[in-house]
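Just one chain is shown here, as structure tokens, and it is the form predicted alone.
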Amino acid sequence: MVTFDEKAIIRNYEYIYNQRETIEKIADDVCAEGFDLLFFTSSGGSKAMMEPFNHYLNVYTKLPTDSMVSADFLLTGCNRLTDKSVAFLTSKSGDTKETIKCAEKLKEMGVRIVSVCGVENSKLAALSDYTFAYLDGRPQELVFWFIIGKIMYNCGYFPDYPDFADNLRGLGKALAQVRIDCDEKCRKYAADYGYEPYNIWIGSGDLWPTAYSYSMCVLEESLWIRTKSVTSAEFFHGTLELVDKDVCVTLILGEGVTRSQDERVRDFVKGLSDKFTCFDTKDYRLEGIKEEYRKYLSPIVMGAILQRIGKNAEVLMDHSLEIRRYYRKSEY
């Protein structure tokens, strides 16, 4: 396997897991102070990484939530926000321009800010009431499960959260095994479709943000592969007309409440496209994880799977994932 270090994957997972108590205290403090809105805002892939948690809150609780791209919030505002609201922001660099401006505006409004950053002592952290730096820790979603899951528990919506969080202790090793198990399929996918002129990526529910961010931030931004992403629900309202035997279509299936939408797409496309691929979290064992908790982990599992496409494509296409022509290279 190219660019694969099982020990590092487990170590990076444990870096976050071992700080579970520290991260959960953020949730406890937020709940102790009370809130009238949980607001998710950031930019690009960072915003997409948080979106499943907005989804879980809407599906499994009655807590008030909202979500906006930071650039939009700067122009339109959000009339639901008050000085009793809590905003969640994340940035790998800790200095994403739109996200920083958004944090400054939220701070002026008296909104409490919880930030998750990839570096310590960042601009975003300095503007935040609570912050956590994950550094090399992965996956970032684990940080948000310890925050949002604990908020759900404290508010009476997730009584199994302590057992769920305990159950995640060995997930790092399980995710390393997922990467091993999916690697050959992902290598073949990268070899077969790396130079397709047009790609359609489809997902739903808590995996829609994954389909969107992977197609935009990896395939488009990092590999310069032309891609359209669409939700499974909306696929049948336009995009289906573009499917034929020569169009590359990729569907990611999770185990949450919207899976039936994905299955509907699968049943339709599989007879039309000769370049149709499904990546399904159900196909991969998660040793040590209780079956009833898998529905919360689809983005984390799918992230491990899709990482192997990128790592293989980087080698097969001789195109480093770090190359950029414009992003943070010029003014725009």
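Owing to the predicted nature of the structure, the values given are computational and were not obtained by experimental measurement. From 1 onward, residues are counted along the sequence shown.
Below: the form predicted in complex with a further copy of the same chain, not depicted.
Exercise. May I ask you to check whether G303 falls inside a 4.5 Å heavy atom distance of a further copy of the same chain in the model of the complex?
Key: Answer no; every heavy atom of G303 is more than 4.5 Å from a further copy of the same chain in the model of the complex.
Quiz item: Is K62 close enough to a further copy of the same chain in the model of the complex to count, meaning some heavy atom within 4.5 Å?
Solution: Residue-level check for K62: yes, a contact with a further copy of the same chain.
Practice problem: Check whether F144 has any heavy atom within 4.5 Å of a heavy atom of a further copy of the same chain in the model of the complex, and answer yes or no. | Solution: F144: no contact with a further copy of the same chain in the model of the complex.
Quiz item: C217 near a further copy of the same chain in the model of the complex, any heavy atom under 4.5 Å?
Solution: C217: contacts a further copy of the same chain in the model of the complex.
Quiz item: Does a further copy of the same chain come within 4.5 Å of a heavy atom in each of Y15, D160 and G194 in the model of the complex?
Solution: Not a single listed residue reaches a further copy of the same chain in the model of the complex, so no.
Practice problem: Let me know the one among L127, L240, I180, A133 whose heavy atoms come within 4.5 Å of a further copy of the same chain in the model of the complex, would you? | Solution: The option sitting close enough to the partner is L240.
Quiz item: Looking at 184-192, 115-123, 165-173, 221-229, which lies within 4.5 angstroms of a further copy of the same chain in the model of the complex, counting heavy atoms?
Solution: That would be stretch 221-229.
Quiz item: Can you tell me which residues in 44-60 come within 4.5 angstroms of a further copy of the same chain in the model of the complex, by heavy atoms?
Solution: Residues within 4.5 Å: G44, H55, L57, N58, V59.
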